[in-house]
Ligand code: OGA
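Only one chain is shown below, in structure tokens, and it's the form predicted on its own.
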């Protein structure tokens, strides 16, 4: 809570137990191998478009009503986080939307904010890494830029690590990796979009 209120981001290693990580990683990989992922797009609504020069990852959007037991357990943990953030920081967070993400070797997502220009319903970004035995030589870091500067913090996508940051404040990018990089990416949101 303090770090999210202060610099606007926090890294939480071992957010989930190893057994939960194994289940989520296996589910993501099975969906990837079954062709359930689609090329990620940028923008929202009528502005949604495929821009491979901006991002080259793949996503599988999740439906909160048809979650596997492992995903349902993760959603319960995020719901607890939502309630605690609302109580401590008065953010007015209402719900959670998420997708599984895979970055094939060499893919990337250039520097950006998670909050769209015309809407501000995404308040807190949450990224849970699903990668087993990730080493620094594999690349794939999440690079978070400190507000108002080009100073940055790199986070390796090690399995079980949760990164949370303010969607409208922390510009970030995903650097290319030498192996497939899986994550569960989501946003704690306001009830409705505000102008």
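Residue numbers count along the first chain shown, from 1. Note that the structure is predicted; figures quoted are calculated from it, not measured.
This protein has a second form, the form predicted in complex with the named molecule, left out of what is shown; the following refers to that one.
> Heavy atom within 4.5 Å of the named molecule in the predicted complex: which of 169, 127, 70, 62?
If I apply the 4.5 Å criterion carefully, the residue I get is 127.
> Thinking of 24, 74 and 161 as the candidate spot, does the named molecule come within 4.5 Å of a heavy atom on all of them in the predicted complex?
No, the whole trio is out of contact, none within 4.5 Å by any heavy atom.
> Counting only non-hydrogen atoms and a 4.5 angstroms cut-off, does residue 112 reach the named molecule in the predicted complex?
Taking the distances in the predicted complex, the answer for residue 112 is yes, it comes within 4.5 Å of the named molecule.
> So, residue 9 and the named molecule: in the predicted complex, are they within 4.5 Å at any heavy atom pair?
No, no contact at 4.5 Å.
> At 4.5 Å between heavy atoms, is residue 55 in contact with the named molecule in the predicted complex?
Heavy-atom contact with the named molecule at 4.5 Å: present for residue 55.
> Using 4.5 Å between non-hydrogen atoms, is residue 99 touching the named molecule in the predicted complex?
Heavy-atom contact with the named molecule at 4.5 Å: present for residue 99.
> Does anything in 163-187 come within 4.5 Å of the named molecule in the predicted complex by heavy atoms, and if so which residues, in order?
Going through 163-187 in order - heavy atoms within 4.5 Å of the named molecule in the predicted complex - the hits are 172, 174, 181, 183, 185, 187.
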